[in-house]
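Shown below, as structure tokens, is a lone chain in the form predicted on its own; questions about how it binds or moves come after it.
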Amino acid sequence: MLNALLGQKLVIATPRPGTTRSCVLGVYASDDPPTQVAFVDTPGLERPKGALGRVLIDSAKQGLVDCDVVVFVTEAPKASAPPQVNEKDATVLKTLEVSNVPVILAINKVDRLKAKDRLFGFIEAYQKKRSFDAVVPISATRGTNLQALLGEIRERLPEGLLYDSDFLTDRPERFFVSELVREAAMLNTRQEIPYGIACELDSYREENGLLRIEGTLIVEKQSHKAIVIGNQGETIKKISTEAREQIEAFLQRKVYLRLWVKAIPGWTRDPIKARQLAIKEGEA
């Protein structure tokens, strides 16, 4: 949704849980009407899974500090699903009980609902959990109702501009490069492996007009390392190719990317390693 609002890819997205690990600032700006919205994309506020899960929850809660509006994003139910609040969303809504700012419910992927009347029962179920200041059904991929969502946010924001007109994010370039490598790795692995993948950039230098990047994918088991590398290196080669293409599109320049894989047993269960590898990755 944030990528669609900003008109460019800023944050990674996969079908895997735990994809977002760090709070990412993205600033939307428009001249007609004059608008500036500083979005902070946070990790999911769901029940923590081990040390890494607790680190992500802490990061998400930090993202709620000093915000003026909360946009609570959920997904429209699948055709066979009952119109009810799922367990993960119920956990998040409970966390938001301590927030005194307006909360907008954004229901994404409404384009997959053929019977639109099913949406009313779904909205009713969520409104029984708490009172929302606005409810906006959207489709991020199709751009449906994104302007309506912006309008609801704009009405509840204080006046004034916080950033220069061309400001987009406060994260360094290396952070996003690291995230794009992790996204490619998550999309090309399976089962429990994606949750336990982190990325560290070892080298990042300009050489003869080419940006040369070397990095390490970190997994938490030796058996996972073999899977990420793949038969005769096929999987890591595919990850490298897809990541390089995404990085070149993001940076608008030619890139050389080389990746290694290293196992750090149980890093997701170690609070110190989890914070070092998950929250700080790509910032150096």
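All values reported here derive from a predicted model rather than from experimental measurement. Residue indices: 1-based, along the sequence shown.
Below, we turn to the form predicted together with a small molecule, even though it does not appear here.
Taking the partner from the other structure, the small molecule in the model of the complex has no heavy atom within 4.5 Å of any heavy atom of Pro265. The shortest heavy atom separation between Pro17 and the small molecule in the model of the complex is within 4.5 Å. When the small molecule is considered in the model of the complex, Ala140 lines it closely, a heavy atom lying within 4.5 Å. Residue contact with the small molecule in the model of the complex: Ala13 places a heavy atom within 4.5 Å of it. This chain lacks the partner; the member of Asp164, Glu192, Glu206, Asp111 within 4.5 angstroms of the small molecule in the model of the complex by a non-hydrogen atom is Asp111. The contact with the small molecule in the model of the complex, taken as any heavy atom within 4.5 Å, belongs to Gly44 out of Gly50, Gly44, Gly26, Gly230. Contact with the small molecule in the model of the complex, judged as any non-hydrogen atom within 4.5 angstroms, is confined among 127 to 135, 94 to 102, 111 to 119, 170 to 178 to 111 to 119.
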